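Subsequent text provides structure tokens for two forms of one protein chain, presented individually as structure 1 and structure 2.
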Structure 1
Amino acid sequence: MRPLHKTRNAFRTAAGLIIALLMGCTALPESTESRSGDLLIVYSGNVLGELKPCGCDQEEDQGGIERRMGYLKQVLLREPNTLLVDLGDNFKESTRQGKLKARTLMQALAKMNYDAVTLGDKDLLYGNRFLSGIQNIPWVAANLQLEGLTLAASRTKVLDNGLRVFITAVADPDLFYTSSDSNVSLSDPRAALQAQLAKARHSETPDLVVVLTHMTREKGLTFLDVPGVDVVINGHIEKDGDVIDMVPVNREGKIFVQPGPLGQKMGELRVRIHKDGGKTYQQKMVRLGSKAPMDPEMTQLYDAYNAEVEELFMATLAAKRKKKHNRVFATEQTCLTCHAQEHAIWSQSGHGRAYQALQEVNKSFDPECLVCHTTGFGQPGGFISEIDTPELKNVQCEMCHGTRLAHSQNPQGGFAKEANAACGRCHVKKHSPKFNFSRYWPRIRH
């Protein structure tokens, strides 16, 4: 038989709840035990306009919006309790094509349903008006104000398992250009973070606090010392050849992580929240290689971008045809006259088939590809198009040895040393990560 005092206590508790409900009060007594459960944080950033890997090198055939969306759809199917965040620095160069890439990338982010996106210093490249014209991006920035763009200081996501995740973001003012006419202002990141943490403590009682920081790794790490912070995810990149330390840092029940460069990998941080409020973490980087599924919606978006690039190429082509172009390059056919053996070696090399490689992937109209697959594209007297300057297709002798029209008319030696330095213009990390002159040179020795 149940002890009488326990029966009475149960009756009193039930009666109290009924009275509270009748009086219109729906709040139940709070449990002294913290909510527990698991969640997955997926993070990206530092993309620098890379919509799709160029495919020049198998090792660097990673990333792109098609694979990212395919990966995310798989993750969300098996992981309903997922938080998706982006650390910014998505734009790269201030060009017409660069702006097309930036817009396409933001359209992709909007379709990917991120929970929080913070602004990097590179993302202000096209100004406030460009950013304000982008819809459905969940911007978060606690210490950054941008005229014409509404930025939430924080966001809270309640997961399917009931866990509440509080997300805020701060940026280092030293990375941004601010002045009276820049329409950008930044306050002290630590003070802004403290204000947001106070808000979280007094009104939302989150189970996990995630801080997105945009700064150098050294500065980002210092935010692990702020009381109340559980996870720090930091993003920042200067150039596409930068090496980013993706090894997590665990410190007193907290963790610091960073996304890799160019969107080639996605970060996964699995968090387990225990009943006593403690947290444990498991982190890994997921390579978006050739085995990652390609999403058809993103393929359609990328095809639309390619069509705009082709239109841009044709528009600039019309302008170039109106200009008078003086001959600058001798061309490989002229070099053949005196250097038949060297020409034969070149013809069998990748340099001799570089333009064909673009045609095979339908990229013979892309200026970012043509500059390294033709002779003198973008230079006075250089390649214009296959129709206008067919004699300048491929990576010819003069791309390594310099323009030699004068040499062909009055041959003199002493220019072979220029070739070594020329390689670095196109054999950059994202296109040719294993490039080493001493190892590559034997392939085309002449």
Structure 2
Amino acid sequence: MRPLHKTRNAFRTAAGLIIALLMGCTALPESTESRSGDLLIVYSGNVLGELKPCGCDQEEDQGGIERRMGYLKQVLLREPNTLLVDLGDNFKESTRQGKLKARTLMQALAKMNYDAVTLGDKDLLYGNRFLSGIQNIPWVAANLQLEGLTLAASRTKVLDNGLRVFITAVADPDLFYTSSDSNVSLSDPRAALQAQLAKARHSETPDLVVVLTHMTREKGLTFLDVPGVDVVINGHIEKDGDVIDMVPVNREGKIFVQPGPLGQKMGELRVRIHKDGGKTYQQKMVRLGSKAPMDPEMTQLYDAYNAEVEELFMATLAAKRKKKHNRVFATEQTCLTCHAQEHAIWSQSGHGRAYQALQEVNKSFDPECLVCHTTGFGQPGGFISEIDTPELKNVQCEMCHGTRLAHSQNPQGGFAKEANAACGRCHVKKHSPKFNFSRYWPRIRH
């Protein structure tokens, strides 16, 4: 491996000299010595539509566009020689609300001064028309073509300190298989990368070559071995709960890193380019937790999204009201008549004020929150809105004990134990990462 590398470098130098001579350049010594200096690469990705964390759990309360922008403004002030890249998979589900999120997220991204944003398979969820309607995103993709959208195959950024960074991006065609991918055509990522590297060598004279890959970790890692590549940043996520390995892989003066899930943390990769062209790296993840500053412009953008969610919610009410359902839930007020003691404990617990918790954060109209903070939202006979179904607010008895209309009219036992299995429907990892039955149950025992 080594000797081959040396020969190649020698060849590069020779080729450089010849080109320099042809161009009539006289400053020969300078062209043989690399520029040196430091830069910072900040990377994000795998956001899956997370505009703002739900706030269900303090520890998981991280990320969101407000904190990201707050953080970025601080970094760019402190570090002028910064390259900012995003690895894609910004969208999540093809629902109307999902699309609202996607648009808001892209509007946010357009304001964040990114240098390169690549497309993941999830980003085609709403088709090419949607993407081409979004302005000012510095798309980079070398092996991907999308009708109606201009994608740069590569970009070269010249930093304040004179360092030239060449950025290109390739995606794995195997990840693009759904019907929404019908407008996209992908070519072989390796061949596309080789073509870009050739271009870099001949016309861009970069000091650092950064390749953004969108593929599985295993596949992304193989691009680290491509001669001429210094840094590989790989993104891709399937779903919310996926664990992503954020530990860098160092290999012969090169590095491979991955952004974490849901925009909760930002990757910081510090690169030092030495006089002899060698490179050393330092990597860390920066948690966008509750102490991170919130950017007011992003708060405005989020509030506008939230207002649209409320509008959408109101617009769907009329249709829901028309559907007449037989009564399904007895409601806690009925249970109260015979189980006053249990009811008193319940009403003092978090379950008894779960709807209020949403009101306090201006989220009592968001379907994505109501499912777990009310009784039967989205189910026949379940919560519709505070006006329509005030008797179904909060996580009531029947969310754990099952619908018990029959029991409340003709009480018979034998179902208490079933409730033990209910917790896991709402106390999922994302919203209640510390959940543990033996520690949680005593807090609501009745």
Ligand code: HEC
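Start at 1 and count along the sequence of structure 1; that gives the residue numbers used here. We call the rigid core whatever largest set of C-alpha positions still superposes within 1.5 Å between the two forms. Values in this document were obtained by computation on a predicted structure and should not be read as measured data.
Only one of structures 1 and 2 is the form predicted alone; identify it.
Answer is structure 1, the other one does not fit.
After superposition on the rigid core, does the Cα atom of H401 shift by at least 2 Å between the two structures?
Yes, shifts by 2 Å or more.
With the core lined up, does the C-alpha of I345 move 2 Å or more between the two structures?
After core superposition, the displacement of the I345 C-alpha between the two structures reaches the 2 Å mark, so yes.
Taking the rigid core as fixed, quantify in angstrom how much the C-alpha of F435 shifts between the two structures.
Value for F435 between the two structures: 2.4 Å of C-alpha shift.
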